[in-house]
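So this first bit is one chain, no partners, the form predicted alone, shown in structure tokens.
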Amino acid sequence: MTRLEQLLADWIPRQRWFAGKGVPIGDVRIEDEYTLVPGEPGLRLLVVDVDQRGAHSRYQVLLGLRPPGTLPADLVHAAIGECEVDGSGARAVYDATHDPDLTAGLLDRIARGTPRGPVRFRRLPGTAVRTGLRSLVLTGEQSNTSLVFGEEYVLKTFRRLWPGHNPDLELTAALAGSPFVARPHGWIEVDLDEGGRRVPTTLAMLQRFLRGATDGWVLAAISVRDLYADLGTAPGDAGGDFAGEAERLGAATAAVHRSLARELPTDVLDADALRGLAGAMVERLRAAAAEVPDLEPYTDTLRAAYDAFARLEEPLPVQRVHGDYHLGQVVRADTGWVLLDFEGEPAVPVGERQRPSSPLRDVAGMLRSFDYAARHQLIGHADEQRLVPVARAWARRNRDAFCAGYADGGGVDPEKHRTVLRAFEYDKAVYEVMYEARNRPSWLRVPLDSIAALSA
């Protein structure tokens, strides 16, 4: 490895967006390198290949370069190290997403549009982009890095790269004009190698920034907190009752699903495809139970639900869906609910994320999120045992409200498709068990308690 690659091998695993935590890095290689801003400070785009026990992943790094010892105080936290660059002497290298003097050029290029060249900056037809705005990195993101420009635009840079058009851009562009999505304005792309051919790949997407919008998870958590602070009050009588918002969110979700079905291809899964999908669920359950023995008592119940799904007699309609739907993927704006982050699971190849699925998969994801919102605040709570039935009542009330809103908004009625919904919900809970066991063991009880309740 070069000195820069050695620095990246030390720096990348410490970033929140790195997906391979816990597995040793064997090698880091700069696969592609492009100069976006020459001189000092300079900006380069790196496509970095990370090898972990033979499994390779690509990551995007926007690399800033300055003379040694000249890194401003507000960029010290973004430092990667010092190394020689291009044989022209040592340079301080750092994560340039935190440098507004450099990121301003990204917005300018999208506004102008440069559709040719190795790195292409594209503006969506019919949109205008105002330039001269300074950027600020949003905190709290895990798989990507988002830059807010003057509270007008947000540029989401995709850290984990898979060859192909990112579904977030694809679906958001298909929904352009919908009141339930943030309007897209443009994107950045480059060609990545895939099996010897170069494939156009999305690096970043520019959207309207929703000023004053509140994260759905935050709103739900406030509702739960207020309810727990007033023991003995029913969820519907609490001051922060969330059911009305849950119902409106269900209607917004149905509207987005209807739009996606109009704009993009749809299909149906026959009996063989249903059995294959159920088999994949069973395999995930087997792997999870082997890793988390606490799941074993519920495996018979879960397999029974998957078997019932596999025996469905009617073909299952499928379409493009959100793919990773939960309360953290929606915001409440002045105009109502807005859905964000249509990229699906970043750890899954783009081709798999583009496969049509049942819209009830998204419904199941949101229902699991209501359970999480209710149960995670029980961890370490002084009145935990007394609050367990309250948590279940809050989740049930909001689950029912969301499903009612979804059906009234023109979506398939979840109550009439319980076999499908139950299979997707169990499958999501099993995924959560694996995730919590690996990343957040103190939260493992949340999906396990949910599975126990669902099984009962």
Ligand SMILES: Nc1ncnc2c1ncn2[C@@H]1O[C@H](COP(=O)(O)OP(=O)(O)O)[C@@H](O)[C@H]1O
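None of the values given here were measured: they were computed from a predicted structure. Each residue number is its position in the shown sequence, starting from 1.
Note that the form predicted together with the named molecule isn't included here; everything after this is about it.
For Arg208, a non-hydrogen atom is located within 4.5 Å of the named molecule in the model of the complex, even though that partner is not displayed. In the model of the complex, no heavy atom of Ser259 sits within 4.5 Å of the named molecule.
Put simply, Asp215 is close to the named molecule in the model of the complex: some heavy atom of it is within 4.5 Å. In the model of the complex, the named molecule sits beyond 4.5 Å of every heavy atom of Glu189. Of the listed positions (Glu343, Asp371, Asp362, Asp99), a single one reaches within 4.5 angstroms of the named molecule by any non-hydrogen atom in the model of the complex, namely Glu343. The partner is absent here; in the model of the complex, the one residue of Val129, Leu219, Ala182, Leu161 having a heavy atom within 4.5 Å of the named molecule is Ala182.
With the partner left out here, the named molecule still marks one of 246 to 254, 153 to 161, 195 to 203, 119 to 127 in the model of the complex; by a 4.5 Å heavy atom cut-off that stretch is 153 to 161. Contact annotation for the candidate site: Thr299, Ser450 and Ala456 all lie away from the named molecule in the model of the complex (no heavy atom within 4.5 Å).
Contact residues in stretch 313 to 332 (any heavy atom within 4.5 Å of the named molecule, taken in the model of the complex) are Gly328, Gln329, Val331.
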